[in-house]
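Take a look at this single chain in structure tokens; it is the form predicted on its own.
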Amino acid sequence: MKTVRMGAGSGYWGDLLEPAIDLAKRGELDYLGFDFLAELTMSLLQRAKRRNPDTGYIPDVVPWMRALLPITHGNGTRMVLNGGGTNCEAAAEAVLRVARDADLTQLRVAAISGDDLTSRIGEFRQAGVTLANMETGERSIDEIADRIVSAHAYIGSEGIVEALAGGAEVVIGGRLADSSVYVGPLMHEFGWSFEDADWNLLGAAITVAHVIECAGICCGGMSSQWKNVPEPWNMGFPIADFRQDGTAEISKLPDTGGLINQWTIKEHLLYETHNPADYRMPDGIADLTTTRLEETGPDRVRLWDMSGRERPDMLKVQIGYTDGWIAEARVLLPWPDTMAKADRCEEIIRKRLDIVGVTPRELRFDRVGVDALAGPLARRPRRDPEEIELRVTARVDSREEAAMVNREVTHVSTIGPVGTAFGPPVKPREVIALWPTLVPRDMVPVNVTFEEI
């Protein structure tokens, strides 16, 4: 029975590079996938592209391809990534430049576009699409229409399948859904289509893709098993051997750090999952609750009985819009009386903001090591900590107000308790808020272009 062997080369922008190189060299992979994106990434990249039209893709693409292409081009491993961000064509050109610099030939790269809806908001509104906020239920986007930075649909595997069928060795998309980076190769290799789909098989593909898409996280990263994880500094990234019958085995390379067992896999099945019985992706709806799994050896887990349902008619769109500014500064407080000093500094800063006329939308004081994580639920310590970092954050309407907040925090070093010092304030930054919504699938055409050397 045919088996497709896929490795995860990245789970986010800035991930480890060494495990991807190791997979490329020793993994005997058919495909190496890369997820580089997060919810806010597209807004950041859209801004970069506006400043320089030759940018807008994940900067990691260039060093990653420089390290990997000479290996994968030689052994036949194909790569699929969503690192194209908001400028997949420029990313494809960058990959070809890397290939030329490495004297590689007969390389075909595909760029997938269509997910960028930033300039089409008016078109959707005229067509009667409400673009209601999925989280708040607000039905009109008009209140933020003049502050939109980016709007990108999570698209599925159609473009990947077309690109692979067209002979692409490297496939670069923008806001490809994380799981589609792996579902697409499986659809291509097994000849699946959405027209006559076996939705249980697609549900299995989505489930396995969800397990491996964050790379090292299913191999003991971010795990409750962290005490038992060997050599996390030498983390191995996961490999999925997916069989045509919809069963799979997750493993990693020998002589790498990390840990794969039933618990690390179960943890990741639930990671970023609101309803495990209704895990909605552009390629289908996976029911993660039917999945059965067993440990078949050291760092090896088999999955079966995975299931799914027909893909949704609507695609999720993440709209990013500007929504104020953030000020952030630190006050450093020594023993004795650290808690009382922190309380007094908070009082001083609040009074100073009143005097200078700054009324933040939100104002937060975190006593790092005491209540920064638990907030008001944290209990005050029975004895004073040796030291406290009082982190002050404020959300305000303008850059000028953010700068004023930072300035007022510095004053406590001279008008506050003895021993008070301030750390360097963080440069004021604009807030990009998210407006999640839905659009009809048939209004988001996907386009694939090819370039080669």
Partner chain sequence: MMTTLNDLAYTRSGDKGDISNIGIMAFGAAEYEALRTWVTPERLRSFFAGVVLGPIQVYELPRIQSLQVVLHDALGGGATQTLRFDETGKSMAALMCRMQIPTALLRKGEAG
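Since the model is a prediction, treat every value here as computed from it, not as a measurement. Positions refer to the first chain, counted from 1.
Below, we refer to the form predicted in complex with its partner chain, which is not included among the displayed structures.
J.: So in the model of the complex, does E231 come within 4.5 Å of its partner chain, heavy atom to heavy atom?
T.: Flag for E231 set to no.
J.: Quick check on T393: any heavy atom within 4.5 Å of its partner chain in the model of the complex?
T.: Flag for T393 set to yes.
J.: In the model of the complex, does H268 come within 4.5 Å of its partner chain, counting heavy atoms only?
T.: Yes, contact at 4.5 Å.
J.: Within 4.5 Å, heavy atoms only: does V439 come near its partner chain in the model of the complex?
T.: Residue-level check for V439: no, no contact with its partner chain.
J.: Among 334 to 342, 268 to 276, 183 to 191, 140 to 148, which stretch sits within 4.5 Å of its partner chain in the model of the complex, heavy atoms only?
T.: Only one stretch passes the 4.5 Å heavy-atom test: 268 to 276.
J.: May I ask whether L40, D323 and A378 each come within 4.5 Å of its partner chain in the model of the complex, counting any non-hydrogen atom?
T.: Checked in the model of the complex: all three residues contact its partner chain.
J.: Select from the listed residues A127, A165, V356, L373 the one whose heavy atoms reach within 4.5 Å of its partner chain in the model of the complex.
T.: It is L373.
J.: Its partner chain isn't shown here, but in the model of the complex which of L288, A90, L201, I121 has a heavy atom within 4.5 Å of it?
T.: The residue from L288, A90, L201, I121 that makes the contact is L288.
J.: Given a 4.5 Å distance limit between heavy atoms, list every residue of 426 to 451 close to its partner chain in the model of the complex, or none if there are none.
T.: Going through 426 to 451 in order - heavy atoms within 4.5 Å of its partner chain in the model of the complex - the hits are R429, V431, I432, A433, L434.
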